[in-house]
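Let's start with one chain on its own, the form predicted alone, as structure tokens.
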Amino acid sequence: MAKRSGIRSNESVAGWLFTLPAILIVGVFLAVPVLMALWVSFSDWNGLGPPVGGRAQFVGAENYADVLTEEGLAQRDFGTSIRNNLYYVLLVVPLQTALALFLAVQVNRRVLKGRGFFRTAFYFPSVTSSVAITVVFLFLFTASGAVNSILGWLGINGPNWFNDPSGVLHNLFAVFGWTSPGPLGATGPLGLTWWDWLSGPSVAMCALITLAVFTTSGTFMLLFLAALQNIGTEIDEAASIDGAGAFRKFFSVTLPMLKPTLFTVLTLGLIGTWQVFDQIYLTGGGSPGKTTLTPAFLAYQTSFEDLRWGRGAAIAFILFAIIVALTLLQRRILRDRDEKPKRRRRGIDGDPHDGATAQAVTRLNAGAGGAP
């Protein structure tokens, strides 16, 4: 084959020249820092001098062992942060996803007047400074704040939210007279007892959970709203002709077609909740009693305050591994069980959405007893 010549002969060189600035930027500001942090996680660098070529020595997996296997304060602090963050994720992600979907469905209704106002109002907390909103919540959830005043009108004596380290599940157990750990006092994973793992989120963490749901639901509402507006009206009309009610149309047609957006929202929510830092820093750095401590803040505290940069980097990479593993697990759970190759799902015209439409209609007919 003859060698190409003319205007297309230098396309490869020109392509590399155009992408070279982006490659350099990503390499210098992303790849190199990540590799350097990985080296730091295997060293005893204390932040003084350069991490490479200085006094830092290679210590192997010692920093990882300190927080994962070696009994001591470092392991207990890491276990406490994982427990706190786990409850935070389990409550924030479902609540913010459900609220965002509910708000999106409501503001997408044609009969709703002032839809633009409500969309702006629901989205406004998401674009407001997290520092400003956290400070406002600190005032709202003080012992004499607005939240406790409203609870007082209902005859409820509200707690001192951000200063109450008691676990919600422990408080619930105490109502039924279960205050002693008993056999659950045995040591469990990461240096904590099983009783500690079953404490539930602290009262202070519940205030932060409310804050997170309030500030993030607006952003995810926009994602769901865009997906809802991409669903053709003919699908809704076909479901109505088949006799499907509002709930049947939502669960058999709308929700299945929102699965890609739902996966995106859950993934972003999962990553964001495991990386929570600002609110923890502003509300006392893990206080009261380390019940709001998270791995992200613990990595910062270990590095910048205790000057144990190797251990702090190790915590950061463990957190990264947790996020990746949970994201892959979530993707596996949400995938279609009867998923077929895309070319088999394509319609006559080759439109990839025809397959999704056909699946939705199949679910609708199955729910309606197979009616045509």
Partner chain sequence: MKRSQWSATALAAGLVVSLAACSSGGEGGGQSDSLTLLFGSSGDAETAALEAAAAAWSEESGVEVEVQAASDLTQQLGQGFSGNNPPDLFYMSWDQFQTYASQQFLEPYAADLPNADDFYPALQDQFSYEDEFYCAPKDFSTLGLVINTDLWEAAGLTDADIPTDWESLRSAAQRLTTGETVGLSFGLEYARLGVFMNQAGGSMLSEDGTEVTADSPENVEAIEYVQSLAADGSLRFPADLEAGWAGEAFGQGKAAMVIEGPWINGALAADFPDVNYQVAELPAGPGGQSTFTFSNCWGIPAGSDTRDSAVEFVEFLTSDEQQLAFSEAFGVIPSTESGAQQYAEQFPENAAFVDGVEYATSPVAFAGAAAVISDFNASLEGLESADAAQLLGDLQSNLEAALEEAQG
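For the two forms, the rigid core is made up of the largest set of C-alpha atoms that agree within 1.5 Å on superposition. Everything numeric in this text was worked out from a predicted model, so none of it was measured. Residue numbers count along the first chain shown, from 1.
Unshown form predicted together with the partner chain; subsequent notes refer to it.
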Only one of 192 to 200, 285 to 293, 168 to 176, 248 to 256 gets a heavy atom within 4.5 Å of the partner chain in the predicted complex; which is it?
285 to 293
Taking 4.5 angstroms as the cut-off for heavy atoms, does Gln330 touch the partner chain in the predicted complex?
no
Given that the partner is absent here, does Asn46 sit within 4.5 Å of the partner chain in the predicted complex, heavy atoms only?
yes
Can you tell me if Leu307 lies within 4.5 angstroms of the partner chain in the predicted complex, counting non-hydrogen atoms only?
yes
Using the partner position in the predicted complex, report whether Gly60 sits within 4.5 Å of the partner chain, counting heavy atoms only.
no
Using a 4.5 Å cut on heavy atoms, which of Leu184, Ala98, Leu86, Ala143 is close to the partner chain in the predicted complex?
Ala143
Note that the partner chain is not shown here; using its position in the predicted complex, name the residues of 16 to 55 with a heavy atom within 4.5 Å of it, in sequence order.
Leu17, Phe18, Leu20, Pro21, Leu24, Ile25, Val28, Phe29, Trp45, Asn46, Gly47, Leu48, Gly49, Pro50, Arg55
Tell me, please, whether between this form and the one not shown the C-alpha of Pro21 is shifted by 2 Å or more, with the rigid core used for superposition.
no
